[in-house]
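The chain below stands alone and is given as structure tokens, in the form predicted alone.
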């Protein structure tokens, strides 16, 4: 039987898990990451790679401030990773757009931003509505159907696969133990330590951080926590490499540092990542061509679907267990956007043994009890 003792066991080797594990290692913790391995249904390999602020927080005002905080920390986060690994995750923050293909869409967008920023306690950040001419000055290749859009200077994007590789490289450099093919089947706590049972043996740790995405729904009750999830499928279309033309990411399409264009913002109830719905991809591609007509002649080189990590209300869950002290949940949809926060803010809290009240207050799963009672 494999048995070893660590300061913290992080369950989940996706972006949320490895960002948290790297942050814990920076705090001097002896860390092990328990992962399902390459066959896992992993959102980290299917994400859109935006570091996004605009629109975040409607329905839960503190989420806007939390997202802004991560956006502001991202440049330093990326630079630190580059210094440690020599790898560039290609983070850029030129500001991003949400484009509208009609005046009705543009008005709906303006109304949504107004409702967002009228919420009590919302952090105020710049997000403005621009007409067609103003958008065209920044995105010269837009088509005539683009009525305008919203623009936020805090929005950006990264090379997400390179980010994933860089974080794993950084973990290795800091001596973090990474154990693939270690799907956690049971978690118990005895004598102040956690025992995490896998098919390959039992791992012992003083603390445990559940960062396993939708699998947290299964794992959290083992340590007296809960993670109400609502996973859904999204599809992405990727074109061949094109000349640089899209210097600001759009919420539904972006040009990568390698020149390809990623298109997609679909939502399906299906949780099977192996299938593709051609009608969904066609709709995504059609809207993209209406926004940027030059895409009509671009070849599609690949498409894929992936399962989003999504809580039932779409907002993150950060929690600590009362019945199993030292157990934490770190769960969110925006693993790229919030990576800086998970590494630089949440991980130090876990290392200290307690999440700040300012974090648990708005983001605890206990909010679902209030919603149910209401």
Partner chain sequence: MFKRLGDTGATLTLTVDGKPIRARIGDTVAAAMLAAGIDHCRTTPVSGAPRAPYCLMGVCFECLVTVDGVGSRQGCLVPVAEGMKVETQLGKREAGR
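Numbering follows the first chain given and starts at 1. All figures in this text were calculated on a predicted structure; none of them were measured in a lab.
FYI, the form predicted in complex with its partner chain isn't displayed, but the following is about it.
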Checklist entry - Since the chain is shown here on its own, which stretch among 116-124, 191-199, 240-248, 74-82 would lie within 4.5 Å of its partner chain in the predicted bound form, judged by heavy atoms? => result 240-248
Checklist entry - Looking in the predicted bound form, any heavy atom of residue 259 within 4.5 Å of its partner chain? => result yes
Checklist entry - Is residue 130 close enough to touch its partner chain in the predicted bound form, meaning at least one heavy atom pair within 4.5 Å? => result no
Next on the checklist: Is residue 229 near its partner chain? Define near as a heavy atom within 4.5 Å, in the predicted bound form.
Outcome noted: no
Checklist entry - According to a 4.5 angstroms non-hydrogen atom cut-off, is residue 90 in contact with its partner chain in the predicted bound form? => result no
Next on the checklist: Looking at 186, 110, 294, 104 here, can you tell me which has any non-hydrogen atom within 4.5 angstroms of its partner chain in the predicted bound form?
Outcome noted: 294
Item to check | Position in contact with its partner chain when the complex is considered in the predicted bound form, options 154, 222, 139, 298, heavy atoms within 4.5 Å | outcome: 298
